[in-house]
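Okay, so here's just one chain, in structure tokens, the form predicted alone.
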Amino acid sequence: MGGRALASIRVCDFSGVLAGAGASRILAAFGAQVIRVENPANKGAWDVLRGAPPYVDERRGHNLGGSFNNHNVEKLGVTLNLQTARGRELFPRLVAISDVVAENFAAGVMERLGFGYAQLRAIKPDIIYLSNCGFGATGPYQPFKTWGPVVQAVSGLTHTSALAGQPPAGWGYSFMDHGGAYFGAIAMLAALHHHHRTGEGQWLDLAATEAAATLTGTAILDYTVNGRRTRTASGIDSNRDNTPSMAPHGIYPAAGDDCWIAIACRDDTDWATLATEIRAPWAADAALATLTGRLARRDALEAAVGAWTAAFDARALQSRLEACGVPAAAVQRPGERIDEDATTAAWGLWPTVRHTEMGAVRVDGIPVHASRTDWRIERGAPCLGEHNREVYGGLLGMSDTEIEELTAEGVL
């Protein structure tokens, strides 16, 4: 294995929660030195995940949030109060030694602090600046602030998720934050490549709402090209896949509490095989032998398949259907996915990191491996200001006495 791919890159990182922190996390895993900057005055209140669950034990506090740890592995953590004069004097020194400045404050916050893109360029002309907020730094919605459910609604995600006859359900988790993180990482890497070729920096303006909208592409295309609305009088069923046309093709109940199995009959041959396994008179109905016939009777068919699957253990039925060539998979819960699936261990998808206060904790890995410059995740997220001495002393050359004085003054 060779060296770490991004070992020469340094990121001055103001980003938090997931949309921002998740982007710099990817760069850190591939070797970039990411310096996470937080305000000592608010004990991590900007990032609500600092003290948020899950927890490893009964302890609570701003250094003990499991989600924060997951999204900030391999980063250095420093504190800096930009509302103080000394803090505003120190920040340009961090910028000057960095390749990238990243943040996901609300639009305009960095400008009000005196460090918008124009000011950052004055400090370091070739700086790459990533701003990641709900509606971007430009456009008609720029002044508005947002949060997960709002982004889901505005982007169209909420509209696409529901059960038949029920109102829109939303997606239940911040997929737009994940999308924003991925786009942010890609944008920084593209800008770094451009900088490597030309020496030029640039401003990367990312809107989480637009990132979320890219996940609705199929519905948008179906409407613009075919004039079909996503939601009709009968609603939509997020557990039933209509593209491409297959039947049965969905999620069905299995034996046990909240147990389910996914089954997809790709063609008439798959259905004939499944019907043989079902061994019931209704499954042998000639009207179901063709896709056209199954689609015409889809509601009744889905209900009948669900009544049949409900009698079986999901994993046992998965094995049975796999053996005869019908695509099927048990719906895995988190504990099953992390502890029982063989691919987890083989791919190192849940590495264990060492956190200063929490100890050994498993976190998300990255689902790609590089033969020469693979990622490495070993160090947990930084405690608040944990690396002040390493960064301010080791990188900026400040004395221990100066660091202690600035800490006492609330600058660090």
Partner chain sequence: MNAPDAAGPLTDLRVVELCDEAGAWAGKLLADLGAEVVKVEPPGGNRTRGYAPFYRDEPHPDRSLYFWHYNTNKRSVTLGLDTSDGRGVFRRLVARADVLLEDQPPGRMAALGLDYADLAPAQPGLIMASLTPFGRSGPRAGAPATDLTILAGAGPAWSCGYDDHALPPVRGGGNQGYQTGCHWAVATVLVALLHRDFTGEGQHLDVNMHAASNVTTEAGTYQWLVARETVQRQTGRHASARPSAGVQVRARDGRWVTTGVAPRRPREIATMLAWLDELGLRDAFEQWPLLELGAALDHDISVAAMMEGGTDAAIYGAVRDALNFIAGAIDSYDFFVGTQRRNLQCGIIYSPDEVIDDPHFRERGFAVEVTHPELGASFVYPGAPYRLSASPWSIRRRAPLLGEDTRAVLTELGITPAEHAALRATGVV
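Positions refer to the first chain, counted from 1. Treat the numbers as computed from the prediction; the structure is a model and nothing was measured. The term rigid core refers to the most C-alpha atoms you can superpose between the two forms while keeping them within 1.5 Å.
The form predicted in complex with the partner chain exists for this protein as well; it is not shown, and the discussion that follows is about that form.
Residues with any non-hydrogen atom within 4.5 angstroms of the partner chain in the predicted complex fall in just one of 299 to 307, 256 to 264, 277 to 285, 86 to 94: 256 to 264.
Checking Ala316, Ala311, Ala118, Leu163 against the partner chain in the predicted complex, a heavy atom within 4.5 Å turns up for just one residue: Leu163. Distance criterion of 4.5 Å from any heavy atom to the partner chain in the predicted complex singles out Ala330 from the list Leu291, Leu82, Ala330, Val109. When contacts are judged by a 4.5 Å heavy atom cut-off, Ala211 counts as touching the partner chain in the predicted complex.
When contacts are judged by a 4.5 Å heavy atom cut-off, Asn63 does not count as touching the partner chain in the predicted complex. Proximity of Ala247 to the partner chain in the predicted complex falls outside the 4.5 Å heavy atom cutoff. Contact annotation for Leu157: at least one heavy atom lies within 4.5 Å of the partner chain in the predicted complex. Contacts of stretch 343 to 374 with the partner chain in the predicted complex, defined by any heavy atom lying within 4.5 Å, are made by Thr343, Thr344, Ala346, Trp347, Leu349, Trp350, Val361, Arg362, Val363, Asp364, Gly365, Ile366, Pro367, Val368, His369, Ala370, Ser371, Arg372, Thr373, listed in sequence order. For Gly165, a C-alpha deviation of 2 angstroms or more is recorded between this form and the one not shown after rigid-core alignment.
The rigid-core alignment places the CA of Cys265 2 Å or more apart between this form and the one not shown. When the rigid core is held fixed, the Cα atom of Gly217 travels 2 angstroms or more between this form and the one not shown.
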